[in-house]
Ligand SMILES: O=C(O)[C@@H](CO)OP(=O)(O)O
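A single chain comes next, written as structure tokens; it is the form predicted on its own.
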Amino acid sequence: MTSVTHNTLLSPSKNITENTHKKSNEAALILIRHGESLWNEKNLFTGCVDVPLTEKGVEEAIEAGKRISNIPIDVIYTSSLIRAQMTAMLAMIQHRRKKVPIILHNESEQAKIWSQVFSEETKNQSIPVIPAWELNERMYGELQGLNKQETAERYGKQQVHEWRRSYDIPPPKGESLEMCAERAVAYFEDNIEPKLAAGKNVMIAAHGNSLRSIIMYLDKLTCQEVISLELSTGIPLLYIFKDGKFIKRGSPVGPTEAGVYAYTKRLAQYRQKLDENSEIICS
């Protein structure tokens, strides 16, 4: 009996769609800014420099995972940077499905061949993780590795503020938010949105500026509105994609808060099945 119940949860999007008689495609989209990195802690411009999480960042990623532990996830997208990938992996350890996140290596034919999985059952108990450089933090150019306070003293607070908070002014040899948005949103439209349209539930673990760019697209923000948008590290944001539209649902509070998962009938049904499955396994 346990194995039968377990199998009903192998594909959350497929399972719920069948139960609701395929009335319309509906999917969850979770956005998570990575937890605190070692250079966040040191107040350094990080950009595309690949640094890991601090102990606090690890805790933030784990807490994020607890908040989304009852939301179905079929595929994960991350940037190519370790702090985003660590956040995704640590978050998924907390998920009640206990599926294993597996990074897909598509950088070469040899990488694809060497990382193949030859068990269908193992594949069913896994979640693909797709790294993409297009989701990287914006490249801060010559500011990368510099202390933010010292940089303000060197170039002037106003100049550094323009580099950090304007929409179309890049730092020396770096990217503006506008340039970051061009690559991040294009990748989202070409690769992630079709998955959501097919009813797949998606999590994106990325960075402050790449996620701000995507949120600008989802919420139809103006250039002025997006520059004032602040994203906290390790705090997930939930969107529902339905009938071609994105509906913002805020941040899940925690795994014990039932109400946040009842934004849609599908999410409520999914959580109910998780609860039923847990009861059978424990009995």
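Sequential numbering from 1, following the sequence displayed. Fair warning: this is a prediction, and the values are worked out from it, not measured in the lab.
Here the subject shifts to the form predicted in complex with the ligand, a form of this protein not shown in this document.
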property	result
Contact test in the model of the complex: residue 209 vs the ligand, heavy atoms, 4.5 Å	yes
Partner contact for residue 215 in the model of the complex: the ligand, 4.5 angstroms, heavy atom	no
Touches the ligand in the model of the complex: residue 45 (any heavy atom, 4.5 Å)	yes
Residue 67: touches the ligand in the model of the complex, heavy atom cutoff 4.5 angstroms	no
Whether 74, 77 and 99 all lie within 4.5 angstroms of the ligand in the model of the complex by heavy atom	no
Stretch in contact, per heavy atom within 4.5 angstroms of the ligand in the model of the complex, of 53-61, 36-44, 236-244, 219-227	36-44
One residue of 123, 173, 165, 105 in contact with the ligand, assessed in the model of the complex (non-hydrogen atom, 4.5 angstroms)	165
Within 4.5 Å of the ligand in the model of the complex: residues from 126-147 (heavy atom criterion)	137, 140
